[in-house]
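Take a look at this single chain in structure tokens; it is the form predicted on its own.
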Amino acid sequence: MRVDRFLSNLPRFNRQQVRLLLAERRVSVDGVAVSDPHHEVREFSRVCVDGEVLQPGKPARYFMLHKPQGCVSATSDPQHPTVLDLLDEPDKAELHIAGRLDFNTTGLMLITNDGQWSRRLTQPETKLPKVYLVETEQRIGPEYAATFATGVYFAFEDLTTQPAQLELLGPTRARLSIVEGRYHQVKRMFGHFNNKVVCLHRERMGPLALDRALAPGEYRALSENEIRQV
């Protein structure tokens, strides 16, 4: 939200007062005096006027986790362990998952409390690729790549998937890059050819690749550089 709109939404300031506060550089965001009315205020920003705290802010948190099999992509589940159970972090209830994975799908999972950041990762409009290693029950034919590149029709939703790239790695192994995240999308794309996916592993989301040093179930905080890449 723009800082002028943030301040105008408070009952104590009208628009004229907000313009004056900004012109006199009496407003600070994250410790820096601002005069630009378009300066962005986020839920994590600390906003002060004349030293008085109007929004205390809170730290944004970002984690990369190597999801193992048999783990639910949820914040809580009555029957199965969840990915949040793998994190030894305070206030885990404030975190959410950016791009879920099926129960037995492994690989890169990103967890954060920054909703705007996670939307940039997962919304189809951003066209950030999600890259999977796929192993199938039967051979992957040359016609798969051509079909995936033009899109696969899903009758249930009455839609055609966006173009995807397939790289063949072996008779039954491939690397698939998609820009969507529809329900069981990868399995359904291969199911178009009546070929069952027996192993699925996500290795990349956008610019972020799974850290090979992380064993299944392990996680680490993202670096500042990794956060800025999204």
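Since we're looking at a predicted model, the values are computed, not measured. So that there is no doubt, residue numbering starts at 1 and follows the sequence shown.
The following text describes the form predicted together with ligand URA, which does not appear among the structures shown.
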query: Any non-hydrogen atom of T112 within 4.5 angstroms of ligand URA in the model of the complex; finding: no
query: Residue contact check: H184 to ligand URA in the model of the complex, 4.5 Å heavy atom; finding: yes
query: Non-hydrogen atom contact Y132 with ligand URA in the model of the complex at 4.5 angstroms; finding: yes
query: M64: touches ligand URA in the model of the complex, heavy atom cutoff 4.5 angstroms; finding: no
query: Heavy atom within 4.5 Å of ligand URA in the model of the complex - the one residue of L200, A164, M205, V41 that qualifies; finding: L200
query: One residue of A98, L101, V83, I140 in contact with ligand URA, assessed in the model of the complex (non-hydrogen atom, 4.5 angstroms); finding: L101
query: Which of 164-172, 46-54, 184-192, 23-31 sits within 4.5 Å of ligand URA in the model of the complex, heavy atom basis; finding: 184-192
